[in-house]
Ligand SMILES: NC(=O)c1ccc[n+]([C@@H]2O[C@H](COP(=O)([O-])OP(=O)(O)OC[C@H]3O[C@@H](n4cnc5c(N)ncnc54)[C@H](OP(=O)(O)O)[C@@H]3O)[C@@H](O)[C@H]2O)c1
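The chain below stands alone, shown as structure tokens; this is the form predicted alone.
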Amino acid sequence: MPGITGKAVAIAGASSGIGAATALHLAGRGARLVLGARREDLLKDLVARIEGAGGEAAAVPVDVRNRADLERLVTTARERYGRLDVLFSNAGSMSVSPFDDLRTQEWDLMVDINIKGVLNGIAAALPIFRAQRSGHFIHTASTAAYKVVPAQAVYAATKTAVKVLTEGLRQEAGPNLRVTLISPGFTNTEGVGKGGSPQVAAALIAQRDAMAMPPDAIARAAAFAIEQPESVDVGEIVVRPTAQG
């Protein structure tokens, strides 16, 4: 099934930012969606917007730290649409802070959401993709996976792990599956500056407001990877604002 029209796409971390922008963009191009996130009220609003514009979507409450939630997300896609073509693991935490702050609970949160959330998605979708002999994993990393700066070491480590896991999955995927890593730079989402050290958060928000690109830039990157012929695997896309060093 080349292109986007008719494809069944599940998105984890869909309630706002990149996930919501991707849902709207793909719905506008004919994808059939199952949207997962913790904030069920925002998911329902997003589904209503998509359906109001003539699209197809369903909402599933999902905490990516819970493997059973990811299994329910992909199972919903199969039950509703008969198959799952794409799983976009987009949920993330950016609770950045200097090591000396010892914000260990936020370290744990980033590890659990950014790394374990991706692994839980792989565990849920891989058997389905193998049975179908087709499927596409898309994972959100970050430009932090390529450049480490002070106060972002733990976050960068988790996103580097996503990069490594994605490449390993790609190597094991075989000829029937596709695996794509998308690494955004500064993007105008609420996740920037949420949690972590107040001083670091304030600096990140200032940078975001000065240079950030819209979430739709990442939505278009995801669409580009999805719309390629089934024999073409877009392995990695880095998208950053022109002003970002």
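Note that residue numbering begins at 1 and tracks the sequence as displayed. Owing to the predicted nature of the structure, the values given are computational and were not obtained by experimental measurement.
The protein also exists as the form predicted together with the ligand; that form is not presented, and the subsequent description refers to it.
Proximity of Phe137 to the ligand in the model of the complex: non-hydrogen atoms within 4.5 Å are absent; the residue sits far from the partner. Though the partner is left out of this view, Gly55 does not reach within 4.5 Å of the ligand in the model of the complex, counting heavy atoms only. Contact check for Ala91: a non-hydrogen atom falls within 4.5 Å of the ligand in the model of the complex. Contact annotation for Glu51: none of its heavy atoms lies within 4.5 Å of the ligand in the model of the complex. Using a 4.5 Å heavy atom cutoff, none of Val96, Glu106 and Gly196 lies near the ligand in the model of the complex. Checked against the ligand in the model of the complex, the candidates Val200, Met211, Val192, Ala217 yield a single residue with a heavy atom inside 4.5 Å, and that residue is Val192. This chain is drawn without the ligand; in the model of the complex, the residue among Ile113, Val154, Leu84, Ala124 with a heavy atom within 4.5 Å of it is Ile113.
Residue heavy atoms within 4.5 Å of the ligand in the model of the complex occur in exactly one stretch of 96 to 104, 75 to 83, 171 to 179, 155 to 163, and that stretch is 155 to 163. Heavy atoms closer than or equal to 4.5 Å to the ligand in the model of the complex belong, across 58 to 82, to the residues Val62, Asp63, Val64, Arg65, ordered by sequence position.
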